Each structure stands twice: as structure tokens, then as C-alpha cells.
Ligand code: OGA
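A single chain comes next, written as C-alpha cells; it is the form predicted on its own.
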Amino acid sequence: MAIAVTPLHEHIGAEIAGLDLSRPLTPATVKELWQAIDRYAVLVFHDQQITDEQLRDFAGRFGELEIGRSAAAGGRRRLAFPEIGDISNLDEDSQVRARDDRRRLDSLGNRLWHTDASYMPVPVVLGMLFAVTVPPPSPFGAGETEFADMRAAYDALTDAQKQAIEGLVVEHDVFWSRGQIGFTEFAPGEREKYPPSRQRLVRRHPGSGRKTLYLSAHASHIVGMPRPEGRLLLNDLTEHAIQRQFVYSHTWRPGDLVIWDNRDTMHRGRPHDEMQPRDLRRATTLDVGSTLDEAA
């Protein structure tokens, strides 16, 4: 059965119906979904019932899976599969983490506009997030995830602005992004394990052929430019890219699965009631090369 695609926003996002993601996908369906990803950048599936194993297997149809920073650190985890990231406010015993819990404070960096793992030499491609438990809203948000279309943001620049940023290289650093919210309590050896990486500021998306801004809270400075000047430029570009006309905001409900392409989007989480459980599970696919090796 062919999938049904309903656009959710002028630029970004589409709802996909007609698929049970707990069942194996045919090659033809995987191809259809890739085409939809290349067109809409963010795909939303409602009313799914999948286990962590099924999420892992589904995500694995789209590329090699990342083992994230937390799972790579080792130790006891709440979730069995290292390929499944624990995007929750729950500890290893499924209890809500304390307000001063180190893991919770680190994860608050996800509320900054960012692109996943842009601080890695070879960054990631697709993010997939599945909602198990959704908490009530807070006065400042209901735990939404917002996605910015970096293709539309690039298109809206003037020709002179596009020319000025073409070819620029940016250094990305997870310690820079976490430092912006005052979190510096990294475990010994993490700095050595995750050194800064350089990425193109302007990329050409291989699926759509469109040029896109590659920005993130991890973006520390522009290589070869005085740091204050480069950081101001990155700030101006980010403010441009997150204008509301470029942003789709997803309000979660249990059973939602959302796929986004990190190569042409930024995203951020919004606040929620921290006293209630919030349980989302993530799978992420790896890219195959550095952005510096890509054709502009």
C-alpha cells in the first residue's frame, strides 16, 4: 500500500499515514520514505506501537546506527540496546531524576537550537524519536520539539550574503554548547574523547540538491576569522534561520515517531513539567564522510 503524505508546514514537515512501523519495510517503501525525507526534511508518524528492538531495526534500514555519547560512556542504563538513546528525564530505575542530577543538567543543552553530533568528525544524518510517555505542559512549554528548515533559511539570504558565507568552515564543540548553559561537569577523559571538529557552513543536500545552512549550538567559531566577529556572524545567521516562518513545532502524543534530517534542519526541545515522567527513545543514523569532503 502506498504511503499517504500530508504537508504540515509551508516549508518543512509532513505527516505519513498508511504504515505500521512495527513490521519490516519493503525496499520500495524505504525508497518512498527517503524521497519524502528529501522533500520535507521532517516526517511524522502517529499511533505507532513499537518496541526498542523494532525501533532499532526500523532505523537500521536507513543507515548504520550511532551509539550516542551517554551509551558510549558505559555503566548501567535504563534501556537495553546501546543504539537506542534515552531521551527522558528518568534514571536507571525509571524514577524522575532530581533537579540537580548531572545527566539531567547535561541534557538541558538539547533546548538550545542544535544539529545532532555536529561536533563529531563524521556527523549524523537521520534522527528518529519515538514517544512512550508525554508529560503535562509547563508554563513555558509542553515538551514540544521545534524544527527549523535550514534550506528555506539559506534561500531567504540575499545573493551578497550567500556569496559572503560560501566556503566558510566552522569549528563545532560540544563543550562550547554545554558551556552556554553553564554546564561544565564533564567526566574525566570526555574532552579527549570528543575534541572539536570542523564542518562546512554551507552544504548541498545530496538528496534534494538544495543548499542549506549547517548551524548548531555546537558551532563555536568560524575558522580563520576573529572569534568575536565569527561568533556574531553565527549568531546573526542562527537568528535568521529560526524565524517562525521557517519552523515547524511538533506537539508530542504517545505513539508518535518523528524522523528528521540533521543535514538540513536544526531542532530544539521545549520545557515541560519536570516532576512528571517524559520518556522518548531515539535512534540516529551515521553519515559516511566529513562535510569538508563534500562538494559545495
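Just so you know, these numbers come straight off a predicted model, no measurement behind them. One-based numbering along the sequence shown.
Missing here is the form predicted together with the ligand; even so, the following discussion is about that form.
K.L.:
Given that the partner is absent here, state which listed stretch (237 to 245, 25 to 33, 46 to 54, 264 to 272) has heavy atoms within 4.5 Å of the ligand in the model of the complex.
P.N.:
It is 264 to 272 that comes within 4.5 Å of the partner.
K.L.:
Can you pick out, from Val134, Ile87, Ala152, Met120, the residue that has a heavy atom within 4.5 Å of the ligand in the model of the complex?
P.N.:
Of Val134, Ile87, Ala152, Met120, the residue with a heavy atom within 4.5 Å of the ligand in the model of the complex is Ile87.
K.L.:
Which residue, Leu129, Val202, Ile222, Leu126, has a heavy atom that falls within 4.5 Å of the ligand in the model of the complex?
P.N.:
Exactly one listed residue reaches within 4.5 Å, namely Leu129.
K.L.:
Would you check, heavy atoms only and a 4.5 Å threshold, whether Asn110 touches the ligand in the model of the complex?
P.N.:
Taking the distances in the model of the complex, the answer for Asn110 is yes, it comes within 4.5 Å of the ligand.
K.L.:
Taking any heavy atom pair closer than or equal to 4.5 Å as contact, tell me whether Arg282 reaches the ligand in the model of the complex.
P.N.:
Close contact exists here: in the model of the complex, Arg282 approaches the ligand to within 4.5 Å, heavy atoms only.
K.L.:
Classify His11 as contacting or not contacting the ligand in the model of the complex by the rule of any non-hydrogen atom within 4.5 angstroms, answering yes or no.
P.N.:
Outside the cut-off, so no.
K.L.:
When the contact criterion is heavy atoms within 4.5 Å, does Glu83 count as touching the ligand in the model of the complex?
P.N.:
Contact with the ligand, no.
K.L.:
Check each residue of 239 to 262 against the ligand in the model of the complex and list those with a heavy atom within 4.5 Å, in sequence order.
P.N.:
Residue within 4.5 Å: Trp260, and no other.
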